[in-house]
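The chain below stands alone and is given as structure tokens, in the form predicted on its own.
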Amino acid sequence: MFTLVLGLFLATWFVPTFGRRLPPDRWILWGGLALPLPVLIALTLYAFTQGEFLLKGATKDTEDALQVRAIGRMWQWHFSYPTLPGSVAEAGVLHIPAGRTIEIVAESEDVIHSFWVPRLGGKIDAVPGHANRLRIRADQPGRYGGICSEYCGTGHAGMRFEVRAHDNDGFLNAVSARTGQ
């Protein structure tokens, strides 16, 4: 879209007769309605499908999602894996397998916090007495920064965490080393 608009602008700038045969009302009709409408429809449909994936929509990809419990406490995140035997909460580091959908169940024990890993997906509020769900996915192994994006008190600026995405064996090793298995 940007390239098309830039091309039209440059064409009118460098070729003074460009577009003079088309009346101004046609420029408005085609440039203001006909061209942006399909682009906006496509972007809206994409946003709806991504939003459904990130929140509650079950698809073939998300039926086998690994569930992780993220509990926000002033001023730290604690992560546990309820479906893995012997799991204990770890503060500040979330281990996930790369290439697999992870369902985060965000909760809070004190005030409203907001779980957010910018490079892996959306964000969700952790509200006391309520569990909110969010799906994330790291396509490649690596380290990703996470943060609480809701002001939660004087220690809010330090309420950061790290997501470590491993290959499948690395994930199992990290979780078993952490749980003592």
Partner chain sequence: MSEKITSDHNPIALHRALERIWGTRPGWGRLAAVNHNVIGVRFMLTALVFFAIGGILAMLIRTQLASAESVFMDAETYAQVFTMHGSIMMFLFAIPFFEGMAIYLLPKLLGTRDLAFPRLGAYGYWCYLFGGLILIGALIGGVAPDSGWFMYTPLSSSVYAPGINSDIWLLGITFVEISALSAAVEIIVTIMKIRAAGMSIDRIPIFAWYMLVVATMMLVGFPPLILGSILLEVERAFDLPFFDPTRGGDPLLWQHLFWLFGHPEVYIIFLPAAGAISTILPVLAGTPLAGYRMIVAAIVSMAFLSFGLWVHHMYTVGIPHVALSFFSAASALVAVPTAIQTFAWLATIAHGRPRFSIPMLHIFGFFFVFVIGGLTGVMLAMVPFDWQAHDTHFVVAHLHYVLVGGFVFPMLAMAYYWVPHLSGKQPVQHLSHAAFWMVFIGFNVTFFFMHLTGLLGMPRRIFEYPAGFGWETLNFISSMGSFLMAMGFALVALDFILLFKFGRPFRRNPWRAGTLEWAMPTPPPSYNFASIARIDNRADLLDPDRIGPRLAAGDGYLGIPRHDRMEVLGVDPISGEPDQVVELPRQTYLPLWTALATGAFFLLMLFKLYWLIPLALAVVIGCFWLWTVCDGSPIDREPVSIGHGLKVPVHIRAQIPPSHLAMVLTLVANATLYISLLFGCLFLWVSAPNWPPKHVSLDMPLLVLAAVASVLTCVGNRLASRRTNLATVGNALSLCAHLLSASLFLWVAFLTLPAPSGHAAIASLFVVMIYAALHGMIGAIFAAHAIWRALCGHDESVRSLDLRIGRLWHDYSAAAAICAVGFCWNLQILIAGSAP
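Take the two forms, superpose them, and find the largest set of C-alpha atoms that agree within 1.5 Å; that set is the rigid core. Note that the structure is predicted; figures quoted are calculated from it, not measured. Numbering follows the first chain given and starts at 1.
As for the form predicted in complex with its partner chain, it is not shown, yet the points below apply to it.
The shortest heavy atom separation between Gly122 and its partner chain in the predicted bound form is within 4.5 Å.
Contact check for Gly31: a heavy atom falls within 4.5 Å of its partner chain in the predicted bound form.
Within this chain, His156 lines the site of its partner chain in the predicted bound form, having a heavy atom no more than 4.5 Å away.
Proximity of Val111 to its partner chain in the predicted bound form falls within the 4.5 Å heavy atom cutoff.
Contact residues in stretch 138-161 (any heavy atom within 4.5 Å of its partner chain, taken in the predicted bound form) are Ile147, Cys148, Ser149, Glu150, Tyr151, Cys152, Gly153, Thr154, His156, Ala157, Arg160. Relative to the superposed rigid core, the position of the CA of Gly19 differs between the shown form and the other one by 2 Å or more. Remark: with the core as the superposition reference, the CA shift of Pro141 between the shown form and the other one stays below 2 Å. Residue displacement note: Ala34 has its CA displaced by at least 2 Å between the shown form and the other one (rigid core superposed).
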